[in-house]
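Here's a solo chain for you in structure tokens, the form predicted alone.
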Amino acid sequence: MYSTPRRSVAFIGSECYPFVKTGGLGDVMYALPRALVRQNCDVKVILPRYKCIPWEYQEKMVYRGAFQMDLCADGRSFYVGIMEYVRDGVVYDFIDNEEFFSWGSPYTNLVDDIPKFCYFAKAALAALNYLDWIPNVIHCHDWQAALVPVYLRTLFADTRLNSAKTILTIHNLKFQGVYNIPTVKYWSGLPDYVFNKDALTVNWLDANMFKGGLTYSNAITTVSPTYAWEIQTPEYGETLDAHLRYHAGKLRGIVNGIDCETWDPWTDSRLPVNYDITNVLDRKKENKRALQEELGLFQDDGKFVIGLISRLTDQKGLDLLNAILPQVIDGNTQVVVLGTGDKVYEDSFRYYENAYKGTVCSNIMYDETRAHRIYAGADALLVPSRFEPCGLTQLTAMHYGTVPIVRETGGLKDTVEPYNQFANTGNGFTFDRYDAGLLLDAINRAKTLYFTNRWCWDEMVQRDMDKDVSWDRSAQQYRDLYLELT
């Protein structure tokens, strides 16, 4: 029995696990709707039907209808097909159009992506109208869906959909969908009056799709309270800080969770040995030995193993790690890297692997199975990001009993409480300023506790595993926001 009214929510975004995923947005679009279904919500997720979606899902999609939709300023129209797939109580509607979605990957370049996501935003609303499914809330994600609130309050103002409230969630403000005004005006077909300095226009000549969505949405959320504050400052605001300060009254931060069914050390089929909080101290050693053997590291229970699972880019703080890695390697420490990204970091970590054979292993790739085994086998996980809206790796690490070492920014600050040696509290090690020396100090503090006070370290491992990092609490906050808006 639920004490609150039932609400219907349409999620609109550009990616969703397991159909297509390039980053954390795909995880959120998968896990949050499932959690909301458990919290008495009806949820429909609207996605592009990319050609790269695996055939095992494509073949189960059911045709729900098709129509022609006017899109461009000159009246040019396009086909909109609707294919439906139901899983775990969530209805997924895929917008089908070969012209826009037949590429091998969801994102290509702005020249192609601007028309694609102008089409997708309008087609998503048109599909809801066509299906006669009028939600209480339309929840949009990142710049690719940011035109949805703009369309809703302009070209769809006279439809039944106009009763819906809109939320725009910022997952990463760095990407905003900025292009010259004539192109966006042509492909969107939006009226001239939305292209002004308070809505879509930036730098006098360009249109910013994200900015327009922020203006026209009823509420703005981002993926942690600290990031909600940070993006209102020039350092993190990506030129939209003043705009976000103006709209601060409708901005709030809600921390992400992780899918504790996919990420559960007790049931994870990818692990050599499963464990839970009652036997983590013994069985984590077995996972560490298996990881060392698999990666060609010296097999030794006494080594302190640091994991890094990340895109290899500047944002992730890898310039700091690059600067201090030789000092981290002290004979008692091993480092495992997993990820791809900028060539300078890929080459750098390959060099370190060759220079420190048996101590450093650089996996320049992404392998889901290896990621699970690093979470289970490492003693600590490094997340020294320059900025991090929320971060999921530190949450997953804690759930697997791996202690996070993080910089105090965004969601990292909100989810990792720094260790206090006097009170024996906290669940990780942190540093504040973006400085290589401070990162080295945080790593050394973690190693000191590990080697000199294993009892306190083991208590922290169990505290981490006991922490609720699931989507349930976050979903409850989103449901409360839906009720507040409606």
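Residues carry their position along the shown sequence, with the first being 1. For clarity, every value in this text was computed on a predicted model and none was experimentally measured.
Keep in mind that the form predicted in complex with a small molecule is not shown, yet the notes after this line are about it.
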*Tell me, out of Gln232, Asn97, Gln292, Asn256, which residue has a non-hydrogen atom within 4.5 angstroms of the small molecule in the predicted bound form.*
Asn256
_I need to confirm a contact call. Of Thr239, Gln315, Thr159, Asn322, which residue comes within 4.5 Å of the small molecule in the predicted bound form, counting heavy atoms only?_
Gln315
*With heavy atoms only and a cut-off of 4.5 Å, decide whether Lys116 touches the small molecule in the predicted bound form.*
no
_Please tell me whether any heavy atom belonging to Pro389 falls inside 4.5 Å of a heavy atom of the small molecule, as the geometry stands in the predicted bound form._
yes
*asked:* Can you tell me if Arg153 lies within 4.5 angstroms of the small molecule in the predicted bound form, counting non-hydrogen atoms only?
replied: no
*Report whether the minimum heavy atom distance between Val9 and the small molecule in the predicted bound form is within 4.5 Å.*
no
*asked:* Only one of these stretches, 201-209, 169-177, 350-358, 103-111, has heavy atoms within 4.5 Å of the small molecule in the predicted bound form; which one is it?
replied: 169-177
*the small molecule in the predicted bound form: within 4.5 Å of a heavy atom of each of Gly13, Ala121 and Leu125?*
no
